[in-house]
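Look below for two forms of one protein chain, each set out as structure tokens: first structure 1, then structure 2.
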Structure 1
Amino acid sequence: MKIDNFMNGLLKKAKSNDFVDSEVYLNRSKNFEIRLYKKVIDYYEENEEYGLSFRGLNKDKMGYSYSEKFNQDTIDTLLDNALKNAQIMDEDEEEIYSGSDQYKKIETRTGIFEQDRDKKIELLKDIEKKIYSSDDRIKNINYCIYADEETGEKILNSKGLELDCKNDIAYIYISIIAKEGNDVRTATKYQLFRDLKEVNKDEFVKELVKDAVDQFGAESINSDKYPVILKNEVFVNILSTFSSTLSAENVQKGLSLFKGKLNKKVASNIVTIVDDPFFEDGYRRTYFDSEGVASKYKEVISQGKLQTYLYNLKTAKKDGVESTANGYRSSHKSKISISPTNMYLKKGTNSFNQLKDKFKKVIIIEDVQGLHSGANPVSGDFSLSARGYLAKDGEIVKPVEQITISGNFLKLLNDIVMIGNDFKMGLPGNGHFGSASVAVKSLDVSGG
């Protein structure tokens, strides 16, 4: 049975099965990935997945069910499971949405998934070759990955709403090992793109290899408070970790450090954090959320002031406000939650060298580890192992390792004194967060 016919048939039959309102949600993905090891493809995957969920309102209770099969028998199973699920649920404030007045249609798909597979393999082989020929100290490439995907969401409901959106993205991810004597170092680099022409192979390799070999001779430093520059990828990871504190659900449950801070100053005046579903470089571009609410550009924090939390329909109703269109399903199997679309720190106009020149002495943080165990999204506290460089008078003096940076996310936001222009989005998984490098007045740095 065709999926569209299946979805319409499911909705039609739900009416005669005691569901006052109902919705069918389709989640689909197409994935392509190759991994290279010394000119040989040692991993190749290409797959296509579809998943569908049904939501129905029965006696003021919302029942859920889902399936990856699309035949006539599945329709009865879905309705039966949703009805049983509704009967054991407490009364739920979720609703089937009738639709927004206007939707801003955007072109979200470029066709990167369908582009020539041989050209994608050639790109990866060229990068691998350039890495090995660039420096004799490069001894191995741990990961040499090309991947792309096309994803999509479709919503049909009993109130006449019909929405469909497709998205695509590609990335390369390379991890290398460098060795000088007994000193062994690793470095990783990635790039997101929607066209193979966007990848500058020479520049990519140059930056990756430099990051590896520049670490030779790294040592720890004395513990103290230091001015710090958090590189773009580092701040992306920190922002991703603490983004859940901007969810209205967590605020309502008392699990957010932003509770009670609406319309108050929570960051430096130069800090603006945006949630932008239309962002051209964003991983999650869409004109509607997973409940069917029209997407909205919003400055969550604008010039240091907290302007809004992120809402779905349920949490918006509880606070007596409009949804910010951040209702989200991680898959067809999940219930409605809250998530950013493309959340990023607005970039500044300063070059990275200008950030370095800001301080007489500064620690540049290139990488952090332990965000899952060393960061508390409720309190905002973090303590993370890190590596990077010590710079004095605008010049890098030496690489540093075996250090720990610690602080609090709110204080960090308030202590940002300069923002770079080297903006970057994170990888899929972290792909809907972005930032440039930031200069911070001070952080606690523990060393040897």
Structure 2
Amino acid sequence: MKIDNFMNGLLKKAKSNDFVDSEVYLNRSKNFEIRLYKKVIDYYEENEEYGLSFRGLNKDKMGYSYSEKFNQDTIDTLLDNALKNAQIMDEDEEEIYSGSDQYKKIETRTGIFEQDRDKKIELLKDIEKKIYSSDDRIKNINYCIYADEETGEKILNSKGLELDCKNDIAYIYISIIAKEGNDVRTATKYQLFRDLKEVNKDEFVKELVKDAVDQFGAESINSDKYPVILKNEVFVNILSTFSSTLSAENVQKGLSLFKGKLNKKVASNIVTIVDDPFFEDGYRRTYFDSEGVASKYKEVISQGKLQTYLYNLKTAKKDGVESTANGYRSSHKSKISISPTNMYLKKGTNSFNQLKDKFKKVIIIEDVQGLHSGANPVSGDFSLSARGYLAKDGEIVKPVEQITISGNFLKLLNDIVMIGNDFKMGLPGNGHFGSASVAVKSLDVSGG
């Protein structure tokens, strides 16, 4: 059955099945992935997929269901499941949206998915060759991946709303193993792009290899409080982990550290955190959110002051404000929740060296592990396995491994004393995050 016919048929039947208002949401994506191992493409993947969600209002309650099967029987199954789910819901304020007055339509697709596949394979082969020839201590490239995808969201509802948006992106992800005697080190690097020409292979390889071999001889250090520089990718990951605390849903449910802090100072004066759905380098570029609300640019934290939470329609109604167009579904299997679009810490003007020169003694954190378990978005506490370098008087003295950095997200935001200009976007997930490197007054470091 054609997917458009299926969607229309579903909406039509919902009307006659006691759903006052209803909506169909479609996720579709095409993806391509190759992995190279010792000059050979040893993994090749190419797919096209669809997933559909239905939600409908029955006796003022919203019922949800989803499917990846699209035949005539599925329409009845979807409606039946949604009805049963609506019946056990408690009262809530979720609504089907009739549409915003204006949408700022932007071009979100670049066509990377259609670019020549041979050139994509060539890119990986070039990079692999350059890595092995750059340093003979590189013994293995355990992941050498190129992937691209084109994703689309479509909303169709009984209030006449019809919206459609497509996005595409490509990335390379390379992980290497370096050995010197019994000393084994790994490093991983990725780059996102929308055109193969954006990849500077030599620079990419140079940075990746340096990151691995510079770790040789790394040791732990004494436990103490230290000033710390969190490299751009590290702060990106921390921001991404704790971004859920800015969701109005978590604030209203008593699960956020930012509860009661609106219009108050929550971070150092140099901290401005932006949520920008139109951001050129962001993967989550879109002109409407998952409820169909027209996208909006906003500063969530402006010069240290908390300006707004992130809202969808339901939480906005509860607080008597307008939705910030952050209604979100991670897929057709999830209900409407809240997520940032492209969220980033505004970069500063200082070079990375200026950050390093600021302290007599500082630990530069290159990588952290364990964010999914060692960071608690409800309490704000984190304790993360880390590695990096110790620098004294602006010079790197030695590589450091097997340490943990511990603190609290709110305190961390207040302790940021300098922000670099080395801005970078991370790998997209639920929201797409970016940051430059940040210098932090003090964190607890545990070592040997």
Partner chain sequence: MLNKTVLEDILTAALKNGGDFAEVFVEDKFSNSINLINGEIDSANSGIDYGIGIRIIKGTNEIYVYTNNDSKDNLIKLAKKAAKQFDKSNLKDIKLRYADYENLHNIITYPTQVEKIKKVKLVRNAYQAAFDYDDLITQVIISLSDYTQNVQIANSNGVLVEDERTRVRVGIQSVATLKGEKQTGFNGPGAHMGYEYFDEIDLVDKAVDASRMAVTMIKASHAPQGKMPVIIDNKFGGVIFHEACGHGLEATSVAKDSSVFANKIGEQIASNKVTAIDDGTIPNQWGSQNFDDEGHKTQRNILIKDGILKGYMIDYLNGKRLKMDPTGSGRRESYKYSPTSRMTNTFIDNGEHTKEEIIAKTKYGLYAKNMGGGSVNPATGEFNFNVREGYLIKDGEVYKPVRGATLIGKGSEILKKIDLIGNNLDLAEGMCGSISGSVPAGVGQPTIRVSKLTVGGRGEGK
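Small disclaimer: the values here were computed from a predicted structure and weren't measured. When a residue number appears, read it as a position in the sequence of structure 1, where counting begins at 1. Between two forms, the rigid core is the largest collection of C-alphas that superpose within 1.5 Å.
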Same chain, two copies; the copy that is the form predicted alone is structure 1
Does the C-alpha of residue 14 move 2 Å or more between structures 1 and 2 once the rigid core is lined up? yes
- Message: Once both forms sit on the same rigid core, is the C-alpha displacement of residue 140 at or above 2 Å between structures 1 and 2?
- Response: no
Establish whether a shift of 2 Å or more occurs at the C-alpha of residue 119 between structures 1 and 2, with the two forms superposed on the rigid core.
no
Students should find the CA displacement of residue 85 between structures 1 and 2, rigid core aligned, in Å, to be 2.8
